[in-house]
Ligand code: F0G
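Just one chain follows, in the form predicted on its own, and it is written as structure tokens.
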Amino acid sequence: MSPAISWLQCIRCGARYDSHEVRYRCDCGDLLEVAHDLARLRELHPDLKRLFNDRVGTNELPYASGVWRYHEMILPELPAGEIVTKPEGNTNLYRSPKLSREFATARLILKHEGENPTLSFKDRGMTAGVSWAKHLGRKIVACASTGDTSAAMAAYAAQVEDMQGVVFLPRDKVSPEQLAQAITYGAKTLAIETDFDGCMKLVQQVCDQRPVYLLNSMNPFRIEGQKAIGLEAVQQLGWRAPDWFVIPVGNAGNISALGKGLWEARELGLIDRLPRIAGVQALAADPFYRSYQTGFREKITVTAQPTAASAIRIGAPVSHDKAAAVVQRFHGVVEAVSEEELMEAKALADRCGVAVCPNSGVALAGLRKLRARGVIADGESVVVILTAHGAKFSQVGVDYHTGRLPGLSPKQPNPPLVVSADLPAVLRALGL
């Protein structure tokens, strides 16, 4: 029998476990990752770049997916017939002189993950996580969520016969659009009187005590799907890595996935150098930023405060250790931004015709600060990961432009004008 191509491995002590064993932590207590035998993958697939390029534009499932195009790097031992896909991925890169001018970055590119089926990057992780749950024969899948994770999990679980999604949401702390997604896709939705971190503790306890499969980002198979964001971006750039990736950080799974995928791409010869990575948090929920300020000598947690970037309102990032390793390996930086900074950055991107969520506004505001300080230099190429679509946070946008966000006076308001129903009034309003 051939040795396994993939296995579970502890990120701290290196202990290995069979990939089919249902576990989320090592016996030592730290997180696991899906490790692949990269040398064997190179031997089995000597021209991965050509293979991945040949799949671009296909209508054949599962390879029409912008995740499963990279099947051999995601979950190579998962049979193609067991993959649950919509398909997802194939998100666009946005660039324009106006964007570059507004963010003082001549070579700026926005990777818009809000173009996924449930309007966020979480679909990439859930296609992998739910597919693996199906492969294992699990019938109940669950997650704690600030909104986007629950939407994606509910949608993908709904595609599988006899699979039930269960969602733990902090009551009244997700947008109406996000709540609607979980409910309408048929997930059993619990609105719990706590914050995300409280929901996360509860869902872990349930999954430890009952045959319920956890699909938060501490599940390493979720991370494998999210790797495809970076893989797809560099493929769209002709297999050339930019100088920087900038990404918002909440539970820290996405930055972990980005780094893992890019590292493996370099090891497999798909790219010839590694970019630098900048993670950005909202000051209202900035434990990872605070840990970075100590050189990651301390693993700091906070009680997350209200923020317009509600999807990253997390005080104890589950993937902290993985993300810290990525920042260090990629010579990265971590920044934090205020509510005013993130909303003004969101408004700038929206005015350029790219509808972004407040969490993506965090990344864009971080880019502005890093450019102003010279950390990101003139002429360096930058890909900013936009994690969700602005349509999932429509009330925040309306409140910004109508001056209803507490403690914030918008610099670029564009409220609707109330006009009488007669032509002269309309012409006066239009200045014509």
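Computed from a predicted model, the values in this text were never measured in an experiment. Numbers for residues come from their place in the sequence shown, where the first is 1.
Although it is not shown, the form predicted in complex with the ligand is what the next lines describe.
Contact here is defined as any heavy atom lying within 4.5 Å of the ligand in the predicted complex, and by that definition not a single one of 70, 124 and 220 is a contact residue. In the predicted complex, none of the heavy atoms of residue 156 sits within 4.5 Å of a heavy atom of the ligand. Within 4.5 Å of some heavy atom of the ligand in the predicted complex lies at least one heavy atom of residue 144.
In the predicted complex, the ligand sits beyond 4.5 Å of every heavy atom of residue 74. The ligand is not drawn, but in the predicted complex it has no heavy atom within 4.5 Å of residue 128. Exactly one of the stretches 104 to 112, 292 to 300, 242 to 250, 78 to 86 approaches the ligand in the predicted complex with heavy atoms within 4.5 Å, and it is 242 to 250. Shown without its partner, this chain lists 337, 258, 182, 311 as candidates; in the predicted complex, only 311 has a non-hydrogen atom within 4.5 angstroms of the ligand. Annotation for 355 to 389: interface residues with the ligand in the predicted complex are 357, 359, 387, 388 [heavy atom within 4.5 Å].
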